[in-house]
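Presented below, as C-alpha cells, is a lone chain in the form predicted on its own.
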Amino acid sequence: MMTRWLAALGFYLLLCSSPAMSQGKPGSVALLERGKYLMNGVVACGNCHFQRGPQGEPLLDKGLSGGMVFDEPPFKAYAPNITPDRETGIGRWTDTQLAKAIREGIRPDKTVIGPPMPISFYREMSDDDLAAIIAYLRAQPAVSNKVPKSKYHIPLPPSYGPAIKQVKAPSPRDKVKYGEYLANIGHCMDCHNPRDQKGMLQMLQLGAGGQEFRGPWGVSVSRNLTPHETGLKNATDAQIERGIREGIDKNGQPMKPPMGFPFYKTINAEDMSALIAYLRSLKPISVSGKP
C-alpha cells in the first residue's frame, strides 16, 4: 500500500511540471518556477494538503483541496483547501491575506490558524519565496471541497509573534545558514523535535526526534537528525541524502510516512548539500536530552 502511495505522489509531481498545471493568474515564469520547486520540494505543502481517500491515498485529481485529518490528543485538525476555489478554498483571499496566513498564522477573518500548520517555522520564509508560493497556489486548478472545522483541546496563542514586515533569505554561499533556512521553511523540526505532554516543541532538543505518528502505515517515530550516536554521527552524506530523498535509512531499511520522500526527491543538489551541512552543525543530543 505504501509503495503505491509513493508512486502516486511521484506521478503527481510529474504532472505538476506540465503546462496544464502552470496556467493561472499572476506571476512571471521565474516566480512560478520557484514556487513549483518549493511546493513540490522542500516545503512539500501537498504532503498535508492533498485530499485523501479512505486508506490515506492521495486523490491526485483533487490536488491541494485539503481534508487530511490529524487526530491527536491536543486537536483534531483538518488540512484546509488551498486551491483557488472561491467558496471552499482561497479564491477570495488577496495576496496580502494569503501571505499573512502562511507566515503569521492569521486568516482574513482575524482568527488564528492552529497546529499542525508550522507557522513558527514559516515566519522565517523570505519575501521572495513567499511570493513564489502564492503565485504557484494561484496557478492551481480550483477544486470545490468543503473541509470540516478543526477542533482544539488546547488554547491557541493570540498570535505567533509581531507582524512581519520583511524577511530576506541568507546567501546560499553560507551553506550552514542557508541549510538552516531551508530546514525552517521545510519545517523539518516540527516533526524532528520532541514535544512535551501539551504538544509544545522542545527547542532545547533541536533535531533529537522522538515524535510518534500514527496512520495506515502503523506507528512511525521521527528520527534523530543531530550528529549524536543515536542520530547521524555514523551516517555518510550519501546515506543521509538517500534517507531524505528515498526514505531508506543507513542500514538499507525503508522508513515510514508521513515524511514526504517523493517531494524531497526533487530538491536540487546544492540545496541538499546545504541541508546536510546544517544537520551536521546541530548540537549532538539524544531524545532523552543527554549529549
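Just count from 1 along the sequence shown to find any residue number. The structure displayed is predicted, hence computed values, not measured ones.
Unshown form predicted in complex with a small molecule; subsequent notes refer to it.
- Residues within 4.5 angstroms of the small molecule in the predicted complex, judged by any non-hydrogen atom, belong to 180-188 and to none of the other stretches in 162-170, 198-206, 138-146, 180-188.
- A residue is said to contact a partner when one of its heavy atoms sits within 4.5 Å of a partner heavy atom; residue 228 fails this definition for the small molecule in the predicted complex, lying far away.
- Residue contact with the small molecule in the predicted complex: residue 107 places a heavy atom within 4.5 Å of it.
- Using a 4.5 Å cutoff between non-hydrogen atoms, residue 264 counts as a contact of the small molecule in the predicted complex.
- At a distance threshold of 4.5 angstroms between non-hydrogen atoms, residue 98 is in contact with the small molecule in the predicted complex.
- Not one of 37, 65 and 270 is positioned with any heavy atom within 4.5 Å of the small molecule in the predicted complex.
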